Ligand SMILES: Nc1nc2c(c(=O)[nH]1)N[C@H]1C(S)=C(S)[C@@H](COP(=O)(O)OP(=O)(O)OC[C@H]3O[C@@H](n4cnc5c(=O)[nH]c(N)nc54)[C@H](O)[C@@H]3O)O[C@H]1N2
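Single chain ahead, written as structure tokens, the form predicted alone.
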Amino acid sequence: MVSMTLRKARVTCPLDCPDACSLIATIDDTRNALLQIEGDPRHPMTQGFACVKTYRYPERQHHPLRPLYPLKRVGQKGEGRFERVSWEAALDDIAARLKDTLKQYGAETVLPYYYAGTMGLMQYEHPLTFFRAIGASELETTICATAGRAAWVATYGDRLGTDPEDVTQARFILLWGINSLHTHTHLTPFLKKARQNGARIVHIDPYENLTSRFADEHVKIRPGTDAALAYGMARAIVKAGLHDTAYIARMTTGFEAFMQAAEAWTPERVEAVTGVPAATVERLGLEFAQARASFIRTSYGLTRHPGGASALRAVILLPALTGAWQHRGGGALLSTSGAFALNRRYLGGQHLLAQRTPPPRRVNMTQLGTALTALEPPIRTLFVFNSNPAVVAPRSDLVQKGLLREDLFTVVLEQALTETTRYADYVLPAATFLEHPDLYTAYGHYYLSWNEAQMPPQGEARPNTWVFAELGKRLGLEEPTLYWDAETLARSLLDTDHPWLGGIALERLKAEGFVRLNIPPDFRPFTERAATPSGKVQFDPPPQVILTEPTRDFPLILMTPPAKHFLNTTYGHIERLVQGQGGEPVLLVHPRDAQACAVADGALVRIRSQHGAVVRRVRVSEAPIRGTVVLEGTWWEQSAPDGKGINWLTGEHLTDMGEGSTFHSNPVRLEALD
């Protein structure tokens, strides 16, 4: 029997979640095996527990579907048939084909497609140095946060907010458009403490979920009508004289125009549009204002509509209306990411991008399907890393049609044999967060973290940056930052005189694992200044109310919010998580909608949009508001009854600000199967 040599190591979860948890990994060095993941009890946000997904990471680390060696396509595109090749052969061939593309068609026909499969800055953003060095097309990373970012920046300037650790001091909490028990799990202990201190918690969301049941009250709202509700609450607050006139005069601009717009949103009109009873609209406004230390935790879900950015602006202006920012625990939070004032000059070749004349061609990732099938000149070479666009991007029909093009050379760097890898000419095995060092910010707290590599890579897996450095050598690229290691990049990022990063050197991060930014203990943002052009919180221009509406042919609105057991498609092949989520994707349908569509509980139904159709099993439930159908999670296609992902239904239309995705605004109809 082989004896085990066990040790525990601290690491940071790399996945796209605000919590950026500090974790304790149990590793068997004899077998190079990850045995267990637990939450780090030392971390003030993680508090010793991890989410249900993260506990299963050992299964992902050692999953049979993890590619461990470079693979070259031998079958037709889409078949997923490959043969093992050496790194030298793969890199030589990729570099040769890339040289041909650059010579024949130009650099703009090369496109990187990536997102936040890892949040480590070295492996997430720094690979872009390669593409900016060769002059490739620039990817606009719009699929998640750009609408929310644009809305927040237009309103407050700085992308930060109430310290989550201060939420215990809040006295009225709105969880607005966020299923926080799924997507910001580590806020929950602070919410519980706030409740113990007397806070009331209200969840505003189109369907009942785990967070709704945790809250003291659930207010169901029609998707895409959040701006109308916010205006109705603002009107009630001002009519009752509960707005903070001193704060408004000192810290804001555009209040009069905002209230002129709000005046049109009577409680009765708000009810007609949102489905929220008129009395509830007024009561919510008054409760929010009377609490003074009132707090809104929102997220990007409510921005995934044509008017999503305007809706978010209307919601996050409520704390400015009441002066809630002045009270500890009061205010709002979308993201803390703007607090990490790192020196990003060289991250991902930013300095190269700034020097480009003329500017590069830009491709919106939300419109990848159109880019792969209609863009001129066509994309000839596609590199995919940290993402699974065959399933996660809108218009799966167009995306997969484009990936099938024989004149498109596709290289995918991956940790699992996803749907996208089936279309690859080469699949290159990517290292996991346990196998490379990296620096991590967060967007749900104020701690900066460092990871050391804790395990040798499985098989011949390699970090993203290693791959692009090797290609850079073969192309003769001389840009020095392309060949930086993680420590050199981290030192460059930390080379800043911003006071919030004072004294935070790499040596300290390596010794402590995570360090809180130098933010004052009684941090109350937007009480002295805002980083807007006026230096004040911007009520102007008044947010628009742009509604998400069904049509006669497609009378229901489809929403696809996150599932408890998945994080996008990262865990979609972990069988125990798939079973924990019910084994297959299920469509939640209100009883009256089910009756109107003649579909029964447990039956398979065809969901049709203007873009396509998929088949799903129905669960008749009071959970969604009438007129809305809900399917939780972005599942791997293999789990669906018809082998199609939900994004066969979603469109490429963009938000009002930030050119973001609109995943929650798709009119559909249900058709009973024969």
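From 1 onward, residues are counted along the sequence shown. Since the structure is predicted, the reported quantities are computational estimates derived from the model, not experimental observations.
One more form of this protein, predicted in complex with the named molecule, exists but is not displayed; see below.
When you look in the predicted bound form, the only residue of I574, V273, A278, A416 with a non-hydrogen atom within 4.5 Å of the named molecule is A416.
Only one of the listed residues (N464, T155, Q367, T336) places a non-hydrogen atom within 4.5 angstroms of the named molecule in the predicted bound form, and that residue is N464. Although the partner is absent from this view, P18 contacts the named molecule in the predicted bound form, with a non-hydrogen atom inside 4.5 angstroms. For the chain shown alone, K564 is a contact residue for the named molecule in the predicted bound form, at least one non-hydrogen atom being within 4.5 angstroms. For H182, a non-hydrogen atom is located within 4.5 Å of the named molecule in the predicted bound form, even though that partner is not displayed. The named molecule is not drawn, but in the predicted bound form it has no heavy atom within 4.5 Å of F409. None of 521-529, 82-90, 199-207, 166-174 except one has non-hydrogen atoms within 4.5 angstroms of the named molecule in the predicted bound form; the exception is 199-207. Every residue of the trio T118, L302 and A431 has some heavy atom no more than 4.5 Å from the named molecule in the predicted bound form. Using a 4.5 Å cut-off on any heavy atom, the residues of 45-60 that reach the named molecule in the predicted bound form are, in sequence order, K53, R60.
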